[in-house]
Ligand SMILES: Cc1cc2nc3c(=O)[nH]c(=O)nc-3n(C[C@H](O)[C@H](O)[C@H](O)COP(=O)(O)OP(=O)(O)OC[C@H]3O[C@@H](n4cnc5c(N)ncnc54)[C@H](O)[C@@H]3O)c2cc1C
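Coming up is one lone chain in C-alpha cells, specifically the form predicted alone.
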Amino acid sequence: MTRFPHLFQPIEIGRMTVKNRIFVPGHNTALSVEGLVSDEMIAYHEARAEAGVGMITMEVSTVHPSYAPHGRLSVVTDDCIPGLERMAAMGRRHDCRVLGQLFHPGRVAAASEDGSVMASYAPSEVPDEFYKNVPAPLTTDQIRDLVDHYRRGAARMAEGGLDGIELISSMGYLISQFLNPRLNQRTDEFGGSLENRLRFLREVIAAVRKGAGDEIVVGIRISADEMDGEGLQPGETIEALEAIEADGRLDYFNIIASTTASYAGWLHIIPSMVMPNAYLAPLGRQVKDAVTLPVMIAGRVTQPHEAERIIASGQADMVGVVRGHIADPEFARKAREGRPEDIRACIGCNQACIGHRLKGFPISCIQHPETGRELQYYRKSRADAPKRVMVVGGGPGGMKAAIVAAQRGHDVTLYEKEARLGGQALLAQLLPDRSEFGGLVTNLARELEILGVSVRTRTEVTADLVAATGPDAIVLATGAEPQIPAIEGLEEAHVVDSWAVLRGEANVGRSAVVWDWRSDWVGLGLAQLLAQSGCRVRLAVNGIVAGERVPSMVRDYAVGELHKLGVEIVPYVRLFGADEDSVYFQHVTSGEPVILDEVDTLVSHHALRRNAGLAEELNAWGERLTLIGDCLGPRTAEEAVLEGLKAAMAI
C-alpha cells in the first residue's frame, strides 16, 4: 500500500484518464531546435515519464507570427507535427499523458528573433513595468487573425497525437490582459464589461475546439492572483472562470500565481527558497469552491507529502511539480515506492533552472546536472574495468564525483579533512533566507549512503597518503579559502573575511561596510545578516548592482529586504584602501574616489584563493589526476557538481 494513497489515485479529466495526480507543468526548457521538438527535449521529458509521472505538459508553443522568437516552440506551421508525434509516442510508451500549450505573451513579449526588440501587441496601449514594452493595441482584424491561429495551432497539436491542449492565460500573458479591466481599456466588443472582456477567451476556446475536435482535452492555465497591484485579483479571476465553466467547453483549470509584467510579480513566477513550500495551495481551494471542473495547482511543491496533503484536503485535484522533477526525475517513482527520503528535493536556489533559461541556455540543476543533458549523462554506463578511485574533498563537487563513480561500478573512497561533508555549502546555509541551501549536502549525503561509498572524514590527504593508497584515479576537489585583499592601510583598519562573520568568529561593531567583489548571494546575505543584528550596513559592490550574478527574482527579493532594513548599496566600485574609521573605493569607470566614513569594520567578500597545493604536489600523476570545482577555479556549487559528474563519467 502506497504511503500517498490520494496522490496515486487515477483521475478522469474530460475523456482522458490520468494514472495519478502528479503532473509536470509546462516550463521552458530551451531544448527546442528552430522552434521544433528536439531529441534532447524528448529525452528530458522521457526521464520523467518513465519514472511514472501521470501527465506532462509541454512548454509553450507560439501560435502566431507576431511572436515567433528564437528558442520557443512554435505551431505556426505544419513543420511542428512530426516532433509532436514523437513526443506523443513517447508518452504512450510510458502511459503518461502529454499536453501542449498554446501561447501568445501580448504586451510582455520578451525574447527576440535576431537580437532586436520585436513589437508587442495587447488589448490596449498599457506599458509593462518589467520589460518596458509599449504595446500596439490590437485591431479587430488582428484579433480575428489571432483567434484563427489558435484554431490552426490546436489542429496541429491534435494531428500530432497529443492528449490535450492547454491555453496559456497565466503570468500576465495575452488572454489575461483581455480579462484585466486595468489593462483592457477597449471600448469595442472586446472591452468594457466582463462579458466583453471574456469575448477573446471564449472565441479562442471555440476556435481550439473547432481545430482539435471534441475528443481532445482542453484546459486553461491562469494566474488566480497576479500578485501585483495592476494584475488580476482572485475575485476577478474566479468570476471569469465561473462564466467560462458555464459554457461547457473546457475540461480543467490549472491554477498558478504571478505575472511577468512587474518585479513583484516575477518573485512568484519561480518562487525561490524564501517562499514557503506549497504556499499557493489555498488559491486552488478558492477556485475549487467556485467551480466543478478538476482543478490543478502548482507552486514550490518539493515533496510528495505536500502534494498528498493538497489532494487529501481538497485544495486541488492534481498537483504540479516542476523543479522537483528537474532536481529528481524519479520523483514519482520514489514516492510511489514509499521512498520519499530518497528524493533529491529541490532547494529553490533557481541557479541552474531558471537561471540558465534567463541566459538563453537549457535548464539544468545544480544538484543534478544530468538534467538538460539527458542524452550525455542520464544513463550511467558501467565501467569496462572498475578502478579504485580516490576523491579528495567532501564538498558538493567531490560528493557528486564519488556518487557517479560508484554508480558506474568503481571502488570509491571519499576523503574530507573536516568533521562534516559539505564544504562551502555549510556556510551558505547560514545566510538569511538561505538555510534550505543545506539541502544540497543532505541530498548528496543520502546518495552516498545508498551507494555505500566509503567516506573518511577528519582525514587530510597528503601526497604521501596518495602514494601509499595507490589509486587508479584521483579526483581533487579541495576547494578554496577566503583571502583579505592587499590594500593600503590594512594594518590600521579592522578587516574581517566573510567566512569569519558567518561562523560567528568576528566582532563587527556598530557600523560595517561589506565589500562584495563577487556580486553574488554572499554579499547580499552578509548585509542582511548584519543589518538584522542592528548594525549600520553599507554594501559596496564590484558590479552594476548588488547580486549581479544571481538570478533576477532571487536578487530582486534580496535587494527589497535590504531596502526595508535601510542598507545603503554602493555599486560600480573597487576596493582601494582603509584606515581606522574609513574605507576608500574607486569608481570602476570614472576612476573617482568613493569614501565611506564612520566605519568600525570592513567585511571582505573578496576573490577566493584556490587550495591547489596538493594538486601541484600530485602533478606526476598526469592523466590519472582530475581537478574540479574551486581548486580548479573558484566559482559556485553548480560548476563543482557538474565537473564532478564529468570527471566520474570519464574514469
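Please read all numbers here as calculations on a predicted model, not as lab measurements. From 1 onward, residues are counted along the sequence shown.
Quick note: we don't show the form predicted in complex with the ligand, though the next part is all about it.
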Discussion item. The ligand is absent from this chain, but in the model of the complex, do M87, M157 and G161 each have a non-hydrogen atom within 4.5 Å of it?
Written reply: no
Practice prompt. Check whether Q351 has any heavy atom within 4.5 Å of a heavy atom of the ligand in the model of the complex, and answer yes or no.
Written response: yes
Worksheet item: Any of the heavy atoms of R635 lying within 4.5 Å of the ligand in the model of the complex?
Response: yes
Worksheet item: Using heavy atoms and a 4.5 Å limit, would one call I474 a contact residue for the ligand in the model of the complex?
Response: no
Discussion item. Check R434 for me: does it contact the ligand in the model of the complex (non-hydrogen atoms, 4.5 angstroms)?
Written reply: yes
Worksheet item: Which pick from V522, A212, V108, I311 sits with a heavy atom within 4.5 Å of the ligand in the model of the complex?
Response: V522
Item to complete: Taking 4.5 Å between heavy atoms as the contact cutoff, choose which of G219, P135, G547, G423 touches the ligand in the model of the complex.
Response: G423
Response to the item:
Of 479-487, 535-543, 121-129, 235-243, the segment with heavy atoms within 4.5 Å of the ligand in the model of the complex is residues 479-487
Practice prompt. Select from 489-503 the residues with a non-hydrogen atom within 4.5 Å of the ligand in the model of the complex and write them out in sequence order.
Written response: W499, L502
